[in-house]
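Given next, in structure tokens, is a single chain: the form predicted alone.
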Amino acid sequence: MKRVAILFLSLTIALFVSDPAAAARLTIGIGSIPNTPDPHRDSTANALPAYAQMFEKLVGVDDAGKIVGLLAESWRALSDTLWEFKLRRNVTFHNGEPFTAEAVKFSIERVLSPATKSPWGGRIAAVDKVEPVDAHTVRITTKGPFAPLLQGLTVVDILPPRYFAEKGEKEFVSAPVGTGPFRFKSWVKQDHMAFTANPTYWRGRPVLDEVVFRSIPEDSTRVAGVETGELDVALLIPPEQVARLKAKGVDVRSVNQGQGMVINFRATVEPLKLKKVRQALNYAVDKEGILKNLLLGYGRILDGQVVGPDGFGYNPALKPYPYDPKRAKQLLAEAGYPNGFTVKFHGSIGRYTKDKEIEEAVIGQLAEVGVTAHLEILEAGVFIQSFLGGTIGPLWIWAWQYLPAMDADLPLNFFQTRAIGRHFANPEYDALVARERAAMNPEERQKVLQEMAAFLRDDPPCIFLVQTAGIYAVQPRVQGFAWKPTYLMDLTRVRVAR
């Protein structure tokens, strides 16, 4: 099987490695690539590193979790509902179109438009209007006080309005342009996404000539790729392969990332409507066993909340649900399901480290308390569209991102009744979200976020599993590569020695 995997990888990426002129090309193997070149359509973590090579936001996050300017040089709140941004000058899109305040207006309004169906819309839903003051100044008005505006803007990529209008959405997707360090070269669904260096990038031309993200869902194939040297970097390495790769001279590293892996519930359908049923399923799953036996200690158990201690809004008073099958059976009986029930479970392969093995382990543990979960693996594109369309589940594996802003508001707003996917509905929780988003004082906002986490610990919308670890392998010939807790990587100064 391994030999077949190596042969397959050799054939599929030969075009990217056989040319001697490829000395400045970096090839990265990852579980999946963006489902579309349109950055407003795909919010999955694996899509973020590829999009970040081509597109940029107004603001980003530094290594200390602090909001920093990207296409915005500075900003200030003129009132609780009005923000002003000064934009970076002398920035152009890859087609030569100048970056101006009109691009900010177009991009934010497109993400908010119901027609776009952008999964990022919820993060800036409080924006009322965007008004250019001049070419390099833009003001954003919110419908009410909206404290996490900057955090929400860390996911809104800025697109060129004139080019988009000329080409239309369909042609834009076939030849997208942004302001980022690399230009679009090619995209083949579920295969690869490639970029070339942007010689006019405002921070200076990247050292690399090309970057290629290869979609390789199978763990064994990614490992084979980096082992044979056909990949320069492989992300999401299975923990059990770490020692072997190190013995072969491959540099293997790990970073805890800003996302909490869970088994989500569609808590709007029977019997998952019942709080006791959802609590029972949390008691039924052995989180420590999953961390120890499947992840070999990489990552950390979530403390009954979807963010880790590195996230703003983490509640240090909360603890994980203990593994207690007896308590799970008792709660199921009290809820009217003494003999359990049957439910569909949508899973993935290669989307997260050891995802299929974790899915199978959870199914086995649920069976011990009488719950029969039928696993159905969904292809990456179908998986995200099913989530957005509200048809996934009633159980499905997921990793809630509090990256790249490392802020709990980012995932917690998805549990509102009106959120995309509509998988949890509780008016009391909705009120908490509204209070948190209106809290302009950071200390007050943090307290409300912690209150929200405690609410969801008691009335769980999911089975809390682990904060994920990103294990990645780097060939010795690659210099300057680092995968960050934000899931992003700065490739502008990366070098590859051939």
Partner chain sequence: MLQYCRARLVDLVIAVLGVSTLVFFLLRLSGDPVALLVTETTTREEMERLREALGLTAPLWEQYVRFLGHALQGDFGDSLRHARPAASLVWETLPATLELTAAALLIATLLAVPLGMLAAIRRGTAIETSCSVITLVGQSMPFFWLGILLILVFAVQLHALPSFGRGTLGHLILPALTLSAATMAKTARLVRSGMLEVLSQEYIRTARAKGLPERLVVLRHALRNIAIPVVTILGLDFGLLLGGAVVTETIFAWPGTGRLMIQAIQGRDFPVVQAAVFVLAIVFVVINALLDLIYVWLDPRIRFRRGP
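What we label the rigid core is the largest C-alpha set whose atoms superpose within 1.5 Å from one form to the other. Nothing here was measured: the structure is a model prediction, and the numbers come from that model. Positions refer to the first chain, counted from 1.
What comes next is about the form predicted in complex with its partner chain, which is not displayed.
Contact check for Leu395: no non-hydrogen atom falls within 4.5 Å of its partner chain in the predicted bound form.
At a distance threshold of 4.5 angstroms between non-hydrogen atoms, Leu388 is in contact with its partner chain in the predicted bound form. The shortest heavy atom separation between Phe414 and its partner chain in the predicted bound form is within 4.5 Å. Not displayed here, its partner chain is kept clear of Glu97 by more than 4.5 Å at the level of heavy atoms in the predicted bound form. Between the options His374, Arg76, Arg418, Lys319, the residue in contact with its partner chain in the predicted bound form by a heavy atom within 4.5 angstroms is Arg418.
Shown without its partner, this chain lists Leu159, Leu291, Leu112, Ile358 as candidates; in the predicted bound form, only Leu112 has a non-hydrogen atom within 4.5 angstroms of its partner chain. Contact check at 4.5 Å (heavy atoms) against its partner chain in the predicted bound form: none of Leu295, Asp459 and Val466 pass.
Contact with its partner chain in the predicted bound form, defined as any heavy atom within 4.5 Å, is confined among 131 to 139, 366 to 374, 379 to 387, 262 to 270 to 379 to 387.
In the predicted bound form, Glu230, Leu231, Arg244, Lys248 are the residues of 230 to 253 with at least one heavy atom within 4.5 Å of its partner chain, listed from first to last.
When the rigid core is held fixed, the Cα atom of Asp251 travels less than 2 angstroms between the shown form and the other one. Once the cores line up, the CA of Ile216 ends up less than 2 angstroms apart between the shown form and the other one.
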